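In structure tokens, the next block holds one chain alone, the form predicted alone.
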Amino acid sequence: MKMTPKAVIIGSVLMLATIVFVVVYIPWANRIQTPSEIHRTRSEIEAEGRKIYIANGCVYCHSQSIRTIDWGKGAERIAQAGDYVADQPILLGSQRTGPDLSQQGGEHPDDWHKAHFINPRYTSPNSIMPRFEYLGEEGIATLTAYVQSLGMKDADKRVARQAYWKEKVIAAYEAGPEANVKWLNEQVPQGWRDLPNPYPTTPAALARGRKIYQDFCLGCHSAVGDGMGPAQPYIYPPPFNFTILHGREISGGIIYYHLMNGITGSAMPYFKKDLESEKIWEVGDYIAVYFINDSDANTEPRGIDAAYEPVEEE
């Protein structure tokens, strides 16, 4: 067979047709069209929020797909093809400069998202995410509605849980500082309430706690722990004022539990997936020493000291 122009053109067209058939048509013809068990139709405002998400390039930094090898925020559920049957285009994303958002709905209440979109540094001091204040109140509310829908039926349950506890944290806050502290302490299991901070207060530990506080807590609780950080105007109830705890019954275990598990319904998120155990204890001790002026670090009951801890004189 001679390599004539006609043969080259026909051969190229056949090769292209074969590639399109294998790469495009076969996957399209065999696509999964059955919705997953969590799938639901988006509301009108959620659909509009998705358009804002696409228009602002959020998909370039945030994926919406969890694989079996993933761990961290968003990893509560492995992604299934049926999750995306109504999405055009599908926003899987190819990299995670920011966290995966496939199960973001209900991770935070709406007011946290408002503060976050106005300036991400208000809620995450080290964030490199750009500000979206230019979207305005309506645009931010619409984008928030979309983000709160991510996870669909599972997200709806989490959003409902946030709303349920939001009423309770507001009621406790509006009852005054004494009642608020009492209510917050009562939400901590008894075993944690009786547990002192197991690590000693050392200059190095306080320096580490200070760095963690700056990286995670500063935007809401401020540099002096009074809850008047830059996020405060957008959050209700406002961030907790640690300084009111001076003279009140508070243990390292109570502080640890709230830092670890967050306070659902408030803008206080959980940090159990961001910080290892020692870091939570150390930032808790930093708060206790500098803002509450009362630390129970390394007091009884105590067990065997960890190998790296300073050796104390008997």
Partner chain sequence: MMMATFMGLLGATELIAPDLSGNLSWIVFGRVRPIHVNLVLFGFVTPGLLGAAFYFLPRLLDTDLYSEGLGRVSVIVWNLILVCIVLSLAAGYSQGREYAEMIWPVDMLIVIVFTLIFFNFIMTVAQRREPLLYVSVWYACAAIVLTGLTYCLGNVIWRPDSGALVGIPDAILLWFYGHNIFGLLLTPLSLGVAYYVIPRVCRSPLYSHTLSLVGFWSLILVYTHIGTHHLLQVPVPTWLKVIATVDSVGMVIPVMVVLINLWYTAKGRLGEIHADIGGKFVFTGTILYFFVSIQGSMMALPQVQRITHFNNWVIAHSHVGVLGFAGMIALGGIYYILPRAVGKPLYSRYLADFQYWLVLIGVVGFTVVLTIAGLIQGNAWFNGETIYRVLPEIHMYYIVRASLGLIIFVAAVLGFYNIVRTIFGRPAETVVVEGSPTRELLAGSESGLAHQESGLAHQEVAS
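Positions refer to the first chain, counted from 1. It should be emphasised that the depicted structure is a prediction, and the values quoted were computed from it without experimental measurement. What we label the rigid core is the largest C-alpha set whose atoms superpose within 1.5 Å from one form to the other.
Keep in mind the form predicted in complex with the partner chain is missing from the figure; the text below concerns it.
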{"item": "Partner proximity in the predicted bound form: Y134 to the partner chain, non-hydrogen atom cutoff 4.5 Å", "value": "yes"}
{"item": "Any non-hydrogen atom of T201 within 4.5 angstroms of the partner chain in the predicted bound form", "value": "no"}
{"item": "4.5 Å heavy atom contact, G191 and the partner chain in the predicted bound form", "value": "no"}
{"item": "Any non-hydrogen atom of L91 within 4.5 angstroms of the partner chain in the predicted bound form", "value": "yes"}
{"item": "Heavy atom contact within 4.5 Å of the partner chain in the predicted bound form, the stretch among 241-249, 254-262, 65-73, 282-290", "value": "65-73"}
{"item": "Contact assignment for the partner chain in the predicted bound form, among R121, R208, R158, K166, heavy atom within 4.5 Å", "value": "R121"}
{"item": "Interface residue in the predicted bound form among A81, A179, V224, A171, criterion: non-hydrogen atom within 4.5 angstroms of the partner chain", "value": "A81"}
{"item": "Stretch 46-77 - residues with a heavy atom within 4.5 Å of the partner chain in the predicted bound form", "value": "I54, A55, N56, G57, V59, Y60, C61, S63, S65, R67, I69, W71"}
{"item": "Core-superposed comparison between this form and the one not shown, V20 Cα displacement 2 Å or beyond", "value": "no"}
